[in-house]
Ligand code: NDP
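Consider the single chain below, provided in structure tokens and representing the form predicted on its own.
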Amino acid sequence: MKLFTIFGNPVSHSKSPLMHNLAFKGLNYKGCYTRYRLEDGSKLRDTFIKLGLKGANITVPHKEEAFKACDEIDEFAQKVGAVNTIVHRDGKLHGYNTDAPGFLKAISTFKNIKTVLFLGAGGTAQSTSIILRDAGYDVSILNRSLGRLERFQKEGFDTYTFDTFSYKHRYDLVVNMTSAGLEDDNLPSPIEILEQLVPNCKACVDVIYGKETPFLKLSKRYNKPTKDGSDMLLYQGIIAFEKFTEDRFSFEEIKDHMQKAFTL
């Protein structure tokens, strides 16, 4: 029996254990997936090894620490500087990023989207900004403070803080990349900014899943098409499962079992 987990803080809300365990059972793979609340991200590697894990997913706020914990990192994760999937193979920890391709597939249902504004500059924003730009989207980032924006500035993205933001043009898609609204009623940016952005955009996405966040409620008040993080979670989970099981199963085979987690 191979053991897998998800590291995060908070992590009790995570649907990943249900998703992966449904797929393990449905595909007759001898695996068990748990959750682990990790407060200190610098201890991720030691904890991974101590638990005897075959693989792990990593959620907020440890994706940059997960990058540091790996011995080998695939080309895309190396490019974006964030890891959300680790596989123990040949005595080494191999790091991948499945968030970004999962997000790209999730927003493909929205039509005529060219300009995107991310609210937040964490690990998920790092990876998805790169893959969206590579796919032809124009991405900007708005964050509370300047520190986390420096990496995006070096990569050539337009960046703003709450204090420097000025509404220059309409963004087609506005995305909450923060944890605001996950365990509270907070918005990802000041209401004064959102009341400029949301009425003029085409759609809104929140990477938080399983609840209608204050950001999504605000978006619906302006009659905007919305999407939570469920599709992104499903697609990145399928890609991670492919890594965990060394491509033994197809995307569609995994999806058939994993998507049941969203109806239970």
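One rule holds for the numbers: they count along the sequence shown, beginning at 1. This one's a predicted model, so the numbers in the text were calculated from it and none came from an experiment.
Another form exists, predicted together with this ligand; not displayed. Remarks below refer to it.
> Suppose contact means a heavy atom within 4.5 Å; in the model of the complex, does that hold for all of Leu3, Pro17 and Leu53 with this ligand?
No residue of the spot touches this ligand in the model of the complex.
> At 4.5 Å between heavy atoms, is Thr124 in contact with this ligand in the model of the complex?
Output for Thr124 is yes: heavy atoms within 4.5 Å of this ligand.
> Looking in the model of the complex, any heavy atom of Ser140 within 4.5 Å of this ligand?
Ser140: no, not in contact with this ligand in the model of the complex.
> Would you classify Thr109 as touching this ligand in the model of the complex, given a 4.5 Å non-hydrogen atom cut-off?
The answer is no: Thr109 has no heavy atom within 4.5 Å of this ligand.
> Does any part of His94 reach within 4.5 Å of this ligand in the model of the complex? Heavy atoms only, please.
No, no contact at 4.5 Å.
> Considering this ligand in the model of the complex, which of His88, Arg151, Arg144, Lys79 comes within 4.5 Å of it through any heavy atom?
Flagged contact: Arg144.
> Check each of Ile238, Ala69, Leu38, Val207 and return the one that places a heavy atom within 4.5 angstroms of this ligand in the model of the complex.
Contact check passes for Val207.
> Just one stretch in 71-79, 167-175, 131-139, 183-191 has heavy atoms within 4.5 Å of this ligand in the model of the complex, so which one is it?
Stretch with heavy atoms near the partner: 183-191.
> Heavy atoms within 4.5 Å of this ligand in the model of the complex is the criterion; list the residues of 54-72 that meet it.
Contacts from 54-72: Val60, Lys63.
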